[in-house]
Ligand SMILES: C[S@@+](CC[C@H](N)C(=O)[O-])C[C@H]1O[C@@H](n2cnc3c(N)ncnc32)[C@H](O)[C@@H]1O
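A single chain comes next, written as structure tokens; it is the form predicted on its own.
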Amino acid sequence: MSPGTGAALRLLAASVDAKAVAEIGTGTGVSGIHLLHGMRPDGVLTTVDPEPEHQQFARQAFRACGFASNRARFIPGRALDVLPRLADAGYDLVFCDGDRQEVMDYLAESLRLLRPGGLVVFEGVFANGRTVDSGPQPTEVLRLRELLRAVRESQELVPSLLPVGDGLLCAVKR
């Protein structure tokens, strides 16, 4: 994740005064650290990843940054298996950095999870420039194009595409 993307995540979390954030794709914890820095001091990050090793590494990174252990809830598993168990309208922000094949499902789950005024953010929507390339593209790029179109056309969302890193698609739920 680029420093600009991290700064944008921190700003976005602060702008919605995030107390509850769901993250799809823990990775090494970099995005989680930025989100936690932008969240309220009593906020909790719920992060989902199919790789327990990623979550263990992120847990250590959060601790090294001085975050108390109760600031993050780590749930191992596939996002589409875990997200349905999370509370409806219980989140201020949902950050999606998981399997690009599943972005439309992530969008549907995010809309359910977000409170009105909450924010959904998708990382990597430029796909290294492939989303605007007119040539034949792999399925993951076609899914990103579908996501971009769905968010743009949704009456339930107010979208913006931020040109930081590999692109952040942000949308506020009405």
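Bear in mind the structure is a predicted one, so any value in this text is a computation, not a measurement. Position 1 is the first residue in the sequence shown; the rest follow in order.
Heads up, the form predicted in complex with the named molecule isn't pictured, but that's what we're talking about next.
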Checking R112, H54, R63, H37 against the named molecule in the predicted complex, the residue with a non-hydrogen atom inside 4.5 angstroms turns out to be H54
Determine which one of 125 to 133, 66 to 74, 27 to 35, 138 to 146 lies within 4.5 Å of the named molecule in the predicted complex, judging by heavy atom distances; exactly one does.
27 to 35
Contact test in the predicted complex: G43 vs the named molecule, heavy atoms, 4.5 Å:
no
Indicate whether the named molecule has at least one heavy atom within 4.5 Å of a heavy atom of V103 in the predicted complex.
no
Does D92 reach the named molecule in the predicted complex, with heavy atoms at most 4.5 Å apart?
no
Quick one: is V48 in contact with the named molecule in the predicted complex, heavy atoms, 4.5 Å cut-off?
yes
Counting only non-hydrogen atoms and a 4.5 Å cut-off, give the residues of 63 to 99 close to the named molecule in the predicted complex.
G77, R78, A79, F95, D97, G98, D99
